[in-house]
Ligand SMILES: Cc1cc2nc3c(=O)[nH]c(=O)nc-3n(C[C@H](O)[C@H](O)[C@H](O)COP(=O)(O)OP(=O)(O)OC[C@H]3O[C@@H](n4cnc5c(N)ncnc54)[C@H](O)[C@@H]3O)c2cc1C
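This document opens with one chain alone, in structure tokens, the form predicted alone.
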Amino acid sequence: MKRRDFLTRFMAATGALTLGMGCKRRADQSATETDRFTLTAGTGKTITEPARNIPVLAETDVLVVGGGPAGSAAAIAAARTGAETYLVERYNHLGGLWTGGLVLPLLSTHGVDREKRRRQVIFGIGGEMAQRLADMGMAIHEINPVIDPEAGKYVLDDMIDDAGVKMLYHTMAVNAIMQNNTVRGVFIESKSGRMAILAKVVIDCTGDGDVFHWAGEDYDVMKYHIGLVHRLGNIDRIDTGNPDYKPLRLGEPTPIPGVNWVNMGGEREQDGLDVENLSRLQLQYRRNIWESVEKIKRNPGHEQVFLLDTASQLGVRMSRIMEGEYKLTLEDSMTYKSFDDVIGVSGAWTTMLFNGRRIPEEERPMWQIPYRSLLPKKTDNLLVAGRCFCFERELTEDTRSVGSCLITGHAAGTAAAISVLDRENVRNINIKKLQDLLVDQDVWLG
């Protein structure tokens, strides 16, 4: 178990932490020693930061931390269900790796049912997003559609705004506010300084499990390959008639003619929680991409191909995985396991090894996700959605997909709103009521 940071414990009764609306800095030069930073000696240097009053920016029903597919769906669902909702996002856009990371396919929209029929499983808010993009001509393919990232950002912005979500861009959550084992909100940092947001329910959609880490939950840390996606332009201007032309692997088509997206596996066994490592990879990958495109342009017929952009987000595929109330397994996903507390169904997009046999994508079963897998074991007022909810490592390829994130986010947002409106702990909400509401919101439960 990770030790809680005592500075984040919300202990109003003892005055250990004051959440006031004022935040003043001393102007005089006669500050006492306790008002100054203290630097320890030795090789493992630390700095003790003086205590200060942190202004409360807002008190809300539901606070969603992270605006990727899970966070966007969670915020929309919570607001539509009737809860006042804030969404905190560190970048200038929604969609996370789906849009800013240029990981454009909406995986996995389909799975095989018990009658061996391949069918669509992603509906609800995720299905609504996909349909809107298709209607705009900004998505291609019926199965696992590939979207245009800028159109995706626009659609998510529009849906968030229409639902009445209170949006905070350019804002990082930096710690949890705890009262015993209950999360009461988070501290945030932005150009406006350090502030606090208090909430009745917090949903961790950070992808890296930052909130449940700060809250002191147990978790697994998974090192994985980290990459960087980019897009190429002028693919439609390649001169295949050049006598020296030879075809090259140039990624996959997007809804924009002449534009391809190019995935990168990247270095394996990388720590997505190490900022120095992330910085090293970022520098290395952007250089590698530029040099690879210059090499492409030197091939006959490819002279007009150019680097359109590199993703604004490094492709961290996996980091923390929460130890929740129920750990979803690969066997669950391969055997049509049913759950009384099912909150959605996801599909499969790649070949997986199971019981010594390789199961191809077109044979992979659809699989249910239980509500218990979104619940941390120890922390109250907290739900977890996205790629860091509770599952075993062998299921990583499917649980980290955009579709699964949309499903868990939609369910978490609806559950959070029920918790607030019924004044009930998220652990004890009426599951039948949650399922009925999800069905009313066009979610398919299998």
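It should be emphasised that the depicted structure is a prediction, and the values quoted were computed from it without experimental measurement. Residue numbers here begin at 1 and follow the sequence given.
There is another form of the same protein, the form predicted together with the ligand; it is not shown, and what comes next is about it.
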{"query": "Heavy atom within 4.5 Å of the ligand in the predicted bound form - residue from 359, 134, 221, 172", "finding": "172"}
{"query": "Listed residue that, although the ligand is not shown, lies within 4.5 Å of it in the predicted bound form (heavy atoms), from 215, 103, 129, 348", "finding": "103"}
{"query": "Contact stretch among 340-348, 274-282, 85-93, 147-155 - heavy atom within 4.5 Å of the ligand in the predicted bound form", "finding": "85-93"}
{"query": "Contact label in the predicted bound form: residue 124 to the ligand, heavy atom within 4.5 Å", "finding": "no"}
{"query": "Contact of residue 210 with the ligand in the predicted bound form (heavy atom, 4.5 Å)", "finding": "yes"}
{"query": "Any non-hydrogen atom of residue 81 within 4.5 angstroms of the ligand in the predicted bound form", "finding": "no"}
{"query": "Interface membership of residue 313, the ligand in the predicted bound form, 4.5 Å heavy atom rule", "finding": "yes"}
{"query": "Residues in 59-77 with any heavy atom within 4.5 Å of the ligand in the predicted bound form", "finding": "65, 66, 67, 68, 69, 70, 71"}
